[in-house]
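Only one chain is given next, in structure tokens, and it is the form predicted on its own.
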């Protein structure tokens, strides 16, 4: 089969590798002159990524830090610390993308840099290069081209612009925070400090309005002053919308283009990689793509959506109460031994251990419904 993949991010390059190593003719389109730029991701993943065996060497080479501690803050600066049994890796995200793309090329995929796909319709892909606009026919077209996906316009038609992304800002600063991931669920939609190493950290905020103002205020509050930014990045994060299709004919959406993103943290690397494996299986074995990827990650993405909807209606006193509850030794232990990629696996245990969480969540759910918040 002749396969066009639009977007050389992690999921796009990984699915290109899978098809290329199976001897399919693969063309990987990337609109930027270099893979991995601009960076629009914090690059933190759990060690569950090691289960994706073809990328184990890539993760090892791109890893810049390993985290075993996390801290969640309430508005009063009251905080709860966690010792993470499931390690978290901090990746050099641009380099990570480049390594996967090189792996795809080594398997036989053709990488076309600086080539912007302008449209796709029933296998006919039009793209713009320095020499002009061209059109080629493909048996399979895969849109892994992010939240503003061109390919999504074909798959989703009028619904393509109805998805509701968040805006995110991030900067790298000189900061030693003891190698602890800091999470602030009440700043903007949520905010974070993620250490790259002993002397550098990534500080960021996601919001849906006044994002820059909130980011500037958060940075000044957290750092005590506005620091010198070593790097600055901006991007948008899609919202997982399970009712929207991820396939039309032999055109498919993958990764951010399909909204395969955790609504609680904006993380999409591991869900996108798992969906890439599902897509390869669906195409090569004639199976249903949506059923395969939703079986692997859909339930957990729905749970992240629900958790996001509840957090969106939290007030300061709610965060204080939540931190107070999860400081309990037995509750902390469940969280510390669980993987945040898969909340379905541990939320039931949390509710059984601490019934007050059920009452707390029920109150937030009722408030969310009364405020007409979108749950799914």
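These numbers come from a predicted model, not from an experiment. Residue numbers count along the first chain shown, from 1.
Note that the form predicted together with a small molecule isn't included here; everything after this is about it.
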*57-65, 345-353, 30-38, 305-313: which one contacts the small molecule in the predicted complex at 4.5 Å, heavy atom to heavy atom?*
30-38
*Taking 4.5 angstroms as the cut-off for heavy atoms, does residue 192 touch the small molecule in the predicted complex?*
yes
_Within 4.5 Å, heavy atoms only: does residue 322 come near the small molecule in the predicted complex?_
no
*Any of the heavy atoms of residue 146 lying within 4.5 Å of the small molecule in the predicted complex?*
yes
*Going by a heavy atom distance of 4.5 Å, is residue 115 a contact of the small molecule in the predicted complex?*
yes
